[in-house]
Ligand SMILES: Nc1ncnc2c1ncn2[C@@H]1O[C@H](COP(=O)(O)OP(=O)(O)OP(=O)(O)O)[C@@H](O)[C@H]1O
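One chain comes next, on its own, written out as structure tokens in the form predicted on its own.
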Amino acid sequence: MARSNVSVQSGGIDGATTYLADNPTPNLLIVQTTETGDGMFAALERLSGVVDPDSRVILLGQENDIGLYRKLIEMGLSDYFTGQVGAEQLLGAIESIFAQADATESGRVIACIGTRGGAGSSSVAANLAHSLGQQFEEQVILIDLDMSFGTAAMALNLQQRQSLADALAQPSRLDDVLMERFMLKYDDHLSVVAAPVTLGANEDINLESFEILLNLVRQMAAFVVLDMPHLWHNWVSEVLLHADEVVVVTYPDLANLRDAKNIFDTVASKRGVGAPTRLAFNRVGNSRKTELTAKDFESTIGESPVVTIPFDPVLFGTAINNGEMVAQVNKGSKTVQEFDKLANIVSARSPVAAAAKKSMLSLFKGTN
């Protein structure tokens, strides 16, 4: 429970309904009620309209009835207790609930790689990570894997003490508490694992060590964005093959087209249909007269860009100089819209509507 944030509100089920109408649903909601029978079920229906379906709910009630317990579990509640509930009993239930989460509930891994140096994959990775956190109100971890020239911490004006190299040097000791020490917090949703600040770090990352780290951070965040270096080592290929999503960032010219084709030929066919490899155009408009088109890329590699990020040196330059994301400089810009679009695509979730939460009522159908 070391990383848990706990908030206590009064008012029972209806109090929870009022509070959650204007606040995000927590991962775990524990509700205590003195209501019984039809009154309790009516209150639960009202609560279902403001609770995300992925959240887990424990109900502390009055009636000690096995039939009621079964009905509540069928409705989608995670657990139900009556009488005096001790701390150990409640902690045991919480541990059991989250231990049952399958692999699909681990953080989604999104790897961003540029076709050539200067394509802007690091900027795309950072702004994508920020957009994921803001849109879905989830924890996002950005890992800078450019061991020699990574700039994630510097671009976001984060004062780093330790780096990815330090974390990978002691994989057997890694746990969530220690991992927190290697992460730099940017805002309420985004944290960064920075690359070393000096030359000399081993660019040939040990895959076993990295897998331990990656499996750990996937339990700590809903999304893990990997800023891949412009290298082609065995470990780079392996990471790209096993990421949930790969975003290939390119500039639409001939050299980038050739390198994009090489990456797609090498990676995309091995990843399969269930693990998409996306193409993202960046810096479009830098040289309008000589740039290639989306059709040129589609005819050569069979892929069209899912987003087209315009060339806007003032916007990106201002953001870097201020240690900010582009959305913080100009939220209404075309560039920010493209990052939000990319975030929705790679998230594998439905777009989040403003203040609209999916109802749990779908879980209740057929149980009344």
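All residue numbers are counted from 1 along the displayed sequence. Only a predicted model underlies this, so the values are computations on that prediction, with no experimental measurement involved.
Same protein, other form: the form predicted together with this ligand, not shown, and the subject of what follows.
From the list 81-89, 184-192, 115-123, 165-173, the contact stretch for this ligand in the model of the complex under a 4.5 Å heavy atom rule is 115-123.
In the model of the complex, at least one heavy atom of Pro310 sits within 4.5 Å of this ligand. Contact check for Leu28: no non-hydrogen atom falls within 4.5 Å of this ligand in the model of the complex. The shortest heavy atom separation between Phe316 and this ligand in the model of the complex is within 4.5 Å. This ligand is not drawn, but in the model of the complex it has a heavy atom within 4.5 Å of Asp146. Interface residue among Arg218, Arg271, Arg278, His230, judged by heavy atoms within 4.5 Å of this ligand in the model of the complex: His230. Checked against this ligand in the model of the complex, the candidates Ile301, Leu60, Ile320, Met40 yield a single residue with a heavy atom inside 4.5 Å, and that residue is Ile320. Contacts between 281-303 and this ligand, taken as any heavy atom within 4.5 Å in the model of the complex, involve Asn282, Arg283.
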